[in-house]
Every structure is written in C-alpha cells, then in structure tokens.
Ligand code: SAM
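Just the one chain here, the form predicted alone, laid out as structure tokens.
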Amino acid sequence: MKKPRSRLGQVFLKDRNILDKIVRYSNVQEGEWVLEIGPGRGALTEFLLFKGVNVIAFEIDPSLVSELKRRYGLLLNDRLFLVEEDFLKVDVEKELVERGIQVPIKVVSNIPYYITTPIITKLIETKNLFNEIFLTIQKEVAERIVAKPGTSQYGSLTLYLKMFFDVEILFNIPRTCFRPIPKVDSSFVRFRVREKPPIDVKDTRFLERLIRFSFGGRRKKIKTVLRNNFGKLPFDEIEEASGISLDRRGETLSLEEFERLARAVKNNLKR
C-alpha cells in the first residue's frame, strides 16, 4: 500500500465509527448522487456505496485513482464515476451533465486541509449545483466559520460564507482518527445553501472590499479604515445613514451592519 504524499496533504480518516457517523449525519439516501472531493483510498467512498449512494469522485493522484479502480472496478461508470482531474480546475457542471447526473446534489468529503479555502471558494462559485455540502475540515477553520462578532475567530471568512450558506458544526473528530496522525483536530461541518442571502446586497463586490479592509486593520476603528482606503468622507452623514458608530471596530459588526455601512459609504462616494 502506498504511503500518503505530504505534498498533496494526504491524511486519511481511518476510524470506521467516524466514517459511519459522517454518512449518517449527511442523511444520504439510497439512489441519490453524492460528489466526493479527494476520495483517497476510498474509505468514505466505501461507506457511501454501502449505503446505496451513487458517487462521482474527483481524485488528482494517479496512484490513488489506480487503487480506487482496483477496489471498485465492478461499480465503475455505474454507481461510481472517477474524475481524474484537479477539482479546483475542472468544470464541475460539465462533468455532472456529461454523466446525466441531475442537480442539485450533495457534497460529502474529507478534504485536504491545505486547500480548504480554495475548495470552499470553488463550492461557493458553483453553489447552484448543490443543496447541502458536508465537509471534514480543520477544527480551527470550522470555529472561524461559525464565529460570533467580537470573538478572536471572527473574520472575513465568517462573513463571506454567511452570505451564501447556513453553517453548522455537527461534531468534532480527534486527530487520532487519522493516519498519519495530523497536528490538529477536525470538525464535520454542514453548509446548507441559502436560497437567497440573509441581507439585500446591492453591490456584493463593494461589500466584500469593505469587509476585507476592515479585517486587514483588525484593531483599527472603522473611521480610520474608511479614511485609509476611501479618503476624506462625511463621517457624520455615514454614521447617521447607517446607524453605526464609526468609533467601533470592524470585528464587532454583524453582516447586516456591514451591509448598512457599505450602502452608506457607497452612496457618499457617488456624490
């Protein structure tokens, strides 16, 4: 059996009780299609297939693809499709359509930690293809994603995801359940795709810029952040229009407050 390749972030979940729990919490049903990112040696794939689920899996490592083909040869191109491509670079919708897989479908995956953010970003970009996304990710990242305003974990990632998903940590997974044993614990997280954002965003790009600026100078007051990035503005008018004190710091603002602030700032920049 091949050794995990560290450059690909290969850490394999081995605990069969946890694998069974992942499948149960994902509430997969017999006959439905599930997308798996980085199936590795097929430990989770096995439990999904045993449940009666059909799987389309994206695996970039040729040696692992060969191992999966040997292990599941009888199910290939029937209940299991293997896409030998980098998930981050592939046209996911095209791959689904070519195989006659109707969307939206679920994602259930134990993903490589080192590309967690790029994978989540790709899932946001293709969110119309999915109804629910279940991911095993680093516990620290999971805590950042669900953090509350004013906490040390709260940041731009928290707010960005909240625009598109309702996120919940379902359970934590000790590092000892993986081989080789990583330095961090994990969490199994559900991302439920929102039908529409929780706020009425007029200019998503401007809102994202304002959030990024605010957390780039995390300890700076909003007034300082605005001055540094947009120049001289009528701060009194912005405070009145948004209902937000510009003496606050960005890390204390909710998504709804950031949207009000962005709208007030944008209106003044147009003048």
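Each residue number is its position in the shown sequence, starting from 1. Here the structure is a predicted model, which is why all the values come from computation and not from measurement.
This next part talks about the form predicted together with this ligand, which is not shown.
K.L.:
Out of Leu246, Val28, Leu64, Leu226, which one falls within 4.5 Å of this ligand in the predicted complex, going by heavy atoms?
P.N.:
The residue from Leu246, Val28, Leu64, Leu226 that makes the contact is Leu64.
K.L.:
So which of Leu96, Ile111, Leu159, Ile173 reaches within 4.5 angstroms of this ligand in the predicted complex, heavy atom to heavy atom?
P.N.:
None of the other options qualify; the answer is Ile111.
K.L.:
Answer yes if any heavy atom of Ile60 is within 4.5 Å of a heavy atom of this ligand in the predicted complex; otherwise answer no.
P.N.:
Output for Ile60 is yes: heavy atoms within 4.5 Å of this ligand.
K.L.:
Since only the chain is shown here, I'm wondering whether Glu125 would be in contact with this ligand in the predicted complex (any heavy atom pair within 4.5 Å).
P.N.:
Judged by the heavy-atom cut-off of 4.5 Å, Glu125 is well away from this ligand in the predicted complex.
K.L.:
Taking heavy atoms only, is Leu49 within 4.5 angstroms of this ligand in the predicted complex?
P.N.:
It does not: once this ligand is placed as it appears in the predicted complex, Leu49 has no heavy atom within 4.5 Å of it.
K.L.:
With a cut-off of 4.5 Å between heavy atoms, is Leu233 one of the residues that contacts this ligand in the predicted complex?
P.N.:
No, Leu233 sits far enough from this ligand in the predicted complex that none of its heavy atoms falls within 4.5 Å.
K.L.:
Sort through 218 to 226, 204 to 212, 236 to 244, 52 to 60 and report the only stretch with a non-hydrogen atom within 4.5 Å of this ligand in the predicted complex.
P.N.:
Selected range: 52 to 60.
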